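What follows is one chain in structure tokens, specifically the form predicted alone.
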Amino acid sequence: MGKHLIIANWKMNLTIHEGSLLVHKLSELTQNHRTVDVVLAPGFLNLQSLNLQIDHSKFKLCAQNFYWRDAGAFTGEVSANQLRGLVSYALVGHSERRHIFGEAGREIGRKVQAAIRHDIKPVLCVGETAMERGDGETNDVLHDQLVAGLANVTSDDMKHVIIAYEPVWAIGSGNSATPDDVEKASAMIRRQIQHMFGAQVARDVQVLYGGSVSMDNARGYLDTKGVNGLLIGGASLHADQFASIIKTAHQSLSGKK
């Protein structure tokens, strides 16, 4: 039986003190489940203190972003080399990085390679905008983002790569995708992975869903064919809600209601 991967993306929220309090509450509300890997993606300022605070058997840490070069005169940037040993995962190509900060496919591909090079699992985020969805271009967008993001990645490297489908039109909008939408997108992602790396890699790769996930709709996504977990934004800022989703993830794999 596989595992569900649940990632909390705090985005640009919570001070160091607030983040510490949230993790303290979350620790009290959650149990270790062999069926669920729980990952926290706080802001950079929180990473070091949380690394000292968390129970590493219960939580892992994730960087929200990094620069693809290992070192150099890049004021304000943080490299995967500097994050090595501090985080286990890193988000790459999140829609807010693509659409607010203008990150392009070539740069995103370099970030995936840098993460792998430094033993960090990249979570490659892909997804279409509302306009692209309306024009029937979802599959084309997913194809292009996967090809660019996974350029120069080997089949062996893919053991360490996670794909997160996060339709831009659903993120923070309250208009979450339906499980049917997510199943179709997951199938498209796996078809493209198969084309690039073979059938075995396509079966094994973890595909997450992200976009207005809540306590109420989490189970529907977790029970969706081809989905291995969730990338959660707003709900992850509330210990009770996030703990409930973790419990739901365990119940989904254990067959409980």
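Position 1 is the first residue in the sequence shown; the rest follow in order. As the structure is a computational prediction, the values presented were derived from the model and not from experiment.
Here the subject shifts to the form predicted in complex with 2-phosphoglycolic acid (PGA), a form of this protein not shown in this document.
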In the predicted complex, which of the listed residues (A63, L208, I189, I232) lies with a heavy atom within 4.5 Å of 2-phosphoglycolic acid (PGA)?
I232
If the cut-off is 4.5 angstroms on heavy atoms, which of these, E96, E103, D157, D181, is the one near 2-phosphoglycolic acid (PGA) in the predicted complex?
E96
TL;DR on 209-217, 24-32, 47-55, 64-72: the one with heavy atoms within 4.5 Å of 2-phosphoglycolic acid (PGA) in the predicted complex is 209-217
Contact test in the predicted complex: V141 vs 2-phosphoglycolic acid (PGA), heavy atoms, 4.5 Å:
no
Wondering, does A170 line up within 4.5 Å of 2-phosphoglycolic acid (PGA) in the predicted complex on heavy atoms?
yes
Are any of the heavy atoms in E128 no more than 4.5 Å from a heavy atom of 2-phosphoglycolic acid (PGA) in the predicted complex?
no
With the partner left out here, check for me: in the predicted complex, does some heavy atom of H238 sit within 4.5 Å of 2-phosphoglycolic acid (PGA)?
no
